[in-house]
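Here you get one chain, nothing else, as structure tokens; it is the form predicted on its own.
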Amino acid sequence: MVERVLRAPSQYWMLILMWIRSSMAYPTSFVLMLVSSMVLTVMDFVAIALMFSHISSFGGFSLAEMALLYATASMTLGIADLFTGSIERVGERIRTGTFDAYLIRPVPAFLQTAADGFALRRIGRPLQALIVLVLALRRLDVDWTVARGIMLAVSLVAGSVIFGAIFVLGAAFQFVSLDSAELANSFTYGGQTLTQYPLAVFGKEIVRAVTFVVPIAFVNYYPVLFVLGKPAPLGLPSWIGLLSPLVAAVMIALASLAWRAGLRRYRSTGS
């Protein structure tokens, strides 16, 4: 077991390297798709910027603070989508019976599924988010401390892990319901859209749901509140953002259990 865990990173890298070489065989096409990906994803922030041409704050957030929310939400989803987004295609593999091939190869089925069709062009989303993040940090009026700096950096990793775990949970559910990829997308892409805005503008039921049920509020919202020194909603402590790594660890455990349960339930197509 320990040997398999130690070999996993190199095996995953070999798989995605194959897909990267494939995509780079047509460099012009790759650049065009990368640029189009960046342009399409940044339109969400353009809409936010246009909104601030008529208002000075939204939900208690300035434009620079909204830019920080947007950048962290978009970057974490982009990283998760880059490395685990392909796993949502497992339902198609199960329906066609091609998932069986993953089970007889000397590489974990999870790694093969996560690396399947690895699309380097997806790096466009985190790249444009990084640009927005740099611009936001330059305009923010924040009393930076070591704790706030570390919290921001850690939240980007923890948020990516949380989104990645949701991708895996959605894929695991497809062992039961084959046509449920869009259900997971509602929590990943839909969650990114939700968390790029202050959750305080939504109803308390929504805030409770994304805190205690599907904890996407820990992706960026609570960590950003800690960085900006803003109070948390629902009477929660201001330091709740510090729990983001713990939430990420719990989500990894749940995703692992769900994936293993899905594999045990899998009975092939019979063809």
Partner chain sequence: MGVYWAIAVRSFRRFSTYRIATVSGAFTNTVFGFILCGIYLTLWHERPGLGGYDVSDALTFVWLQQGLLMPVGIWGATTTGELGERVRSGEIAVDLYRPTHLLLWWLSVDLGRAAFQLLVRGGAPLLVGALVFDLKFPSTPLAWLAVAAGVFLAILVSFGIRYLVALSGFWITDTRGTEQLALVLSTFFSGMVLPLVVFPGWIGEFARATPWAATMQVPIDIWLGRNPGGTGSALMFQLGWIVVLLLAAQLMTSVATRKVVIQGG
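Please read these numbers as outputs of a predicted model, since none were measured by experiment. Numbering follows the first chain given and starts at 1.
Omitted from view is the form predicted in complex with its partner chain, to which the following refers.
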Exercise. Would residue 197 show up as a contact with its partner chain in the predicted complex if we use heavy atoms at 4.5 Å?
Worked result: yes
For this session: Give a yes/no on whether residue 231 approaches its partner chain to within 4.5 Å in the predicted complex, heavy atoms considered.
Result: no
Exercise. With a 4.5 Å heavy atom cut-off, would you call residue 212 a contact of its partner chain in the predicted complex?
Worked result: no
Exercise. Going by a heavy atom distance of 4.5 Å, is residue 141 a contact of its partner chain in the predicted complex?
Worked result: no
Exercise. Picking from 184 to 192, 156 to 164, 141 to 149, 79 to 87, which part of the chain touches its partner chain in the predicted complex when contact means heavy atoms within 4.5 Å?
Worked result: 184 to 192
For this session: Would you give me the residues of 36 to 74 that have any heavy atom within 4.5 Å of its partner chain in the predicted complex, in order from first to last?
Result: 36, 37, 39, 40, 43, 46, 47, 50, 51, 53, 54, 55, 57, 58, 59
